[in-house]
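Structure 1 and structure 2, given next as structure tokens, are two forms of the same protein chain, each shown alone.
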Structure 1
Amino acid sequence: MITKIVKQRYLFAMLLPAVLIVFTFSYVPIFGWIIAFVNYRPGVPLFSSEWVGLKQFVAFFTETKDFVYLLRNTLSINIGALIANLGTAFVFALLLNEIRLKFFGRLIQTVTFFPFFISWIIIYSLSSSLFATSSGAINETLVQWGWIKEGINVLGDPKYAWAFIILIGVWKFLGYNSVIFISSIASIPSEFYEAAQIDGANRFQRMWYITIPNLIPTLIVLLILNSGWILNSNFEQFYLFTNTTNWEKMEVLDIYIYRYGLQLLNYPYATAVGIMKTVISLVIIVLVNATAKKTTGKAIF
């Protein structure tokens, strides 16, 4: 063993920097979880801090009703987004495949993929230009045309919050999500279609009996694999689109942790909520993974 390690010294030299970097930035912070269990004060060494046990965890559930709306928002928005994203990508890929002008099809794919590379700040900037209540271009136009009397407050009204945040995500991720469907359509053997045609199947029948059934497994696998992440929200998106008027429908776990930790400087409480989120996510991923392995034979790990 020792001689083998000596022989592989170059390999270890190449691996070591990555091991250390990952240790520092991924494993060391996990030890920081201890601040959720002690009476943490900045400047006071951790080992001399008083041990308070699960106090912060209990506080989250008993002192306020925060977790009720947080879970409602996090789950509703993320499950809604998961279904909306995959559903639209599925239909979009299917329809794109039926476009006969190949050049046009490629153009559409290129253009829809583009928003994936645009930052959330830009999307926020675009949204405020288009949807702001009084100065937004769309509201202004609709008022000019006399379709509505005054601008609709899409960005601030809690009524529209869920639909809006999900649709913005659909816009950004449509191209990205459909890539995998487009490639699985491309991998369907052309003999299937030829055979069906000889049997007299028309275009719609071929789509219905060949393309769609061949895509469904991909859809299910993606649905299962992505459902492991339903407690994780896209931080930047929520950070930008949550405001003082829509927060009760928009605030999700990640934003809540940020607010309590870095704005209200309650480190132990924010860390405790973060730990719960990570642990529950992990449990969901393990369960989902086991289910995926059993039902589809595919798994994340």
Structure 2
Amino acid sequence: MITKIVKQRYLFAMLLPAVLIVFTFSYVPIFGWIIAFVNYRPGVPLFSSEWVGLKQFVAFFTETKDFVYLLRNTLSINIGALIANLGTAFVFALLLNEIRLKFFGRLIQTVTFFPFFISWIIIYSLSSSLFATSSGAINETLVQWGWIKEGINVLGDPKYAWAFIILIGVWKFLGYNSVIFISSIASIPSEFYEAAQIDGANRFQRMWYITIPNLIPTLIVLLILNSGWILNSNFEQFYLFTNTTNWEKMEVLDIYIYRYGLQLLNYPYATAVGIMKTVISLVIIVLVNATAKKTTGKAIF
């Protein structure tokens, strides 16, 4: 053991900075979870604070009904976004692979990848310019054409909130998410397609019997990895698109934690909600991994 470590000392030395960064920024902050179990006040030494146990957790579940709509919003939006993002990227990669004009294929891939680099602030500005009820370009055009009598409040009406936030995410991440599927397609041996072509398989049959089965393991791994983030929301996206008229359908756990932690300065309560979110995320990823292992034989641990 020691001999192996000595032989590979340079590899361990190269690995050390990454280990230190992960330990410093991912594991050391976990000690801050103790705030959720004490009556913490800024300026008062942490270990001098009164121990209150699970009081903050009980308060979240019993004193308010916030957890009902928070879990509903978070799970509904993030599960919908996960299915929509992976599904569209999967289909997009399949269709892109069937384009025989390589220049045209690369052009489409570049155009779809570009929104990934646009900040959410610019996307919100574009959305406001297009979909604002009275001054948005789309609403004004539809009203002038007589298709609608008055502008549709896409950005503020709660009934459009979930669909709009999911679709805007699909538009932004389509090119980025499809890269992994395109890479998986490129790794499929060309002999498979040549043999199928000799046997008389057409393009659809080659896609159905060769490309899709070889992409399924990649899809399962991405599904498992992303399921661990199912309660994590893009803070910037939700912070910008949540307003006073749609907050009941748009407020998610991350925005709630920000509101109580940094705006209301209730650190113990915000930390308790954050711990609950982490524990539920761990349970979800273990369940998804076990389900995938049992049904498909593919898993990451």
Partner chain sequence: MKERTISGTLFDTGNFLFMLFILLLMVFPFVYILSYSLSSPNMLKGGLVLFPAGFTFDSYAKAFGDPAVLKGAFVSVARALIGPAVMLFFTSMAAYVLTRNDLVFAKFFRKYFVFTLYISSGIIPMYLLMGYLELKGTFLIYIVPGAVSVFSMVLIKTYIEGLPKELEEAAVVDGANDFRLFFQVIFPICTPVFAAVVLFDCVNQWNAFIDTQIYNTMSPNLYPLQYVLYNTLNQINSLDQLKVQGQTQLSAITPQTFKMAITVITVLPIACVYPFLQKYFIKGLLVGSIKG
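What we label the rigid core is the largest C-alpha set whose atoms superpose within 1.5 Å from one form to the other. Note that the structure is a prediction, hence the values are computed from the model and not measured. Along the sequence of structure 1, residues get numbers from 1 upward.
Here, the chain labelled structure 1 is taken from the form predicted in complex with the partner chain. Once you line up the core between structures 1 and 2, the Cα of residue 245 stays within less than 2 Å of where it was.
Superposition on the rigid core between structures 1 and 2 places the CA atom of residue 69 less than 2 Å from its counterpart.
Shown in the overlay between structures 1 and 2, fitted on the rigid core, is a CA shift at residue 39 of 2 Å or greater. On the core-superposed pair, the CA position of residue 288 changes by 5.0 Å between structures 1 and 2.
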